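Considered here are two forms of the same protein chain, supplied as structure tokens in two stand-alone entries, structure 1 and structure 2.
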Structure 1
Amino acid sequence: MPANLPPHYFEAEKRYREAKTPEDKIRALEEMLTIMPKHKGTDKLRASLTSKIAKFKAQAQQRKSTSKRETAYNIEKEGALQVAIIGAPNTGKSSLVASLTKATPEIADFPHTTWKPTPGMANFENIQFQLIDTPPITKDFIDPWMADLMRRADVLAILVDIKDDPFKQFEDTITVLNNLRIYPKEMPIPKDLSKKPFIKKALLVVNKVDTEKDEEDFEVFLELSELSITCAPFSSKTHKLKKPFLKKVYEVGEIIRVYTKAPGKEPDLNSPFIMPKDSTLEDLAGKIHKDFLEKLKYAKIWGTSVFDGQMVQKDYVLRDGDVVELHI
């Protein structure tokens, strides 16, 4: 074959032939396109795949308006935050999840699992985040169940590729989100919406920042794009940006860690209670047990905003790192 296609192309082609829905056809065709080397010998074939994709997209769109058959992937939340890793094709979503967790979403091999959400747990200090790898979203195609997944997630990490056209990728993804009534918290929300918007904590992850030169490009991108959303550079090829990225996730997630202790004992600093920022002592008591909530009289706190062992009441607003001794 003149095009010199690798074996997994034919696996994708087999899936294409076997696919029963336009969505599955599109997925297989997009895989085939990604796998196919770009050169003169493949020009014709690529054009033919692209036009097939367009045809099935039109079909999928039509079906969506007539039927509401949806596969739901309800991924149970684990750890301190559930983070949906989303964005345009090839921005490195699977690589990010693979580099930070034990999950093994395929990056070059294109098995079926690439097209299902794949969760993995990432360690950050003494807590974990659940990162969910997802299929690509583009302006003309998104898996129907993705809306649910994104609306449920605690944080959306929007990936773009510094080596591609990050600004356009970001805008395209935002367009898709807005069409699903999903709005990053720090970005403008139209006032005249007829239905309730889903306002989400979100982080823009500028990916593939592998080298110092890429870091400069990232700085330029920040300056030129003047985005109001929190941004973090990342690279799955190097180690240095991993922890700073997870720290940004922690900050954007707006959570705090508090520790409880018994009188005269040391707190267990390995198992924090995760609370939303600005939670009160009363919220913590309720989280521990409803008996605590009813019987709580006061607490003693060790932390940055109080003196050691300071007595506080139920309305005390907890701070990150507080050690709490509850008294009933």
Structure 2
Amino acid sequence: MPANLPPHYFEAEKRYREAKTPEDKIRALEEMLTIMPKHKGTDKLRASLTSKIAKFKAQAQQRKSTSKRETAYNIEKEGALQVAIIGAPNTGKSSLVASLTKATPEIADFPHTTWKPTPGMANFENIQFQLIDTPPITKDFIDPWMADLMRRADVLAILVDIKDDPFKQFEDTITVLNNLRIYPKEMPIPKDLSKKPFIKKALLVVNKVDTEKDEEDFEVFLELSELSITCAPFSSKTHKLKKPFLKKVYEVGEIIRVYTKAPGKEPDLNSPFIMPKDSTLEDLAGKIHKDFLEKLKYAKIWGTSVFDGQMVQKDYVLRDGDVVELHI
């Protein structure tokens, strides 16, 4: 018995032949199966299509599993900034994260203790930063997934050990980053790159500044290095350098905190909106809700650059700490 296939079947068959992915092939095959009339003349063809669908579904599932393995260490962003703590072996990345968060990365005196990323939340005033402890990177080896993690992070905190040739550690880490087309924002970018670079906000953290002698060595390091990148000392053993470090993270991250209030009400100063630096009133309205963006007429602002309750328009550039009363 002839199959007597309708014209729509052959259109779907053409899409099947032209499909590039298992998912597209499956869609076309299922359409062919739906269009095909059911009788004895189409039994073999129906069985063939069903077999092909099963084969391509297996391929699609295998590809998804592989993709999940390759991106198993993608860390979902939380808090105001995601900060990847990176550097050479034994620079103290795990100790830094453990001292500022409730995370419990494995800490030891031997290199390569960390083999997977460990996130933790660090409190800074009324916001939080997500700090991620990462495996060490060297010119000889870097975990393949690390490139993606570093490119996604908001800030790279590059750790060096003040007691173990911090100049060389920094240069070696920068070499690794540059080989991945990652460049700290303040450092030069070659003009002959064949592919687009990833320009990242970065902070150089000189770690293990535990004593007064270490603090003197840090000052000498700053004078001799003459680096354009922002630097901060840190010690996991003392508390006095932890808040200044987080303040540097906040500054390098180029974000501001903005508060909102209803007319006649006080603002909630514990729940700021986190905005990129130089954001406008219009940007804030859009982040709150699309209706605010569409209906916003003006706002009143309380802040350092205006008098209290000053009326401003949509193009007003917000400042850190501004309190905004939106009027629609």
Ligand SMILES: Nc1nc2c(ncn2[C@@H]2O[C@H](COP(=O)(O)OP(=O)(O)O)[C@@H](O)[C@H]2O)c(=O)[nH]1
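Rigid core here is just the name for the largest C-alpha set that superposes within 1.5 Å across the two forms. Note that the structure is a prediction, hence the values are computed from the model and not measured. FYI, numbering is relative to structure 1, first residue = 1.
Asks: Where is the form predicted together with the ligand shown, in structure 1 or in structure 2?
Replies: The form predicted together with the ligand is shown as structure 1.
Asks: Does the C-alpha of Arg15 move 2 Å or more between the two structures once the rigid core is lined up?
Replies: Comparing the forms between the two structures, which are aligned on their rigid core, Arg15 does shift its C-alpha by 2 Å or more.
Asks: Asp278: CA shift of at least 2 Å between the two structures after core fit?
Replies: Asp278: C-alpha displaced by less than 2 Å between the two structures.
Asks: Kindly check if the Cα atom of Ala299 is displaced 2 angstroms or more between the two structures relative to the superposed rigid core.
Replies: Shift of 2 Å or more: no.
Asks: Keeping the rigid core superposed, can you check how far the CA atom of Met36 moves between the two structures, in angstrom?
Replies: That residue's C-alpha is offset by 69.5 Å.
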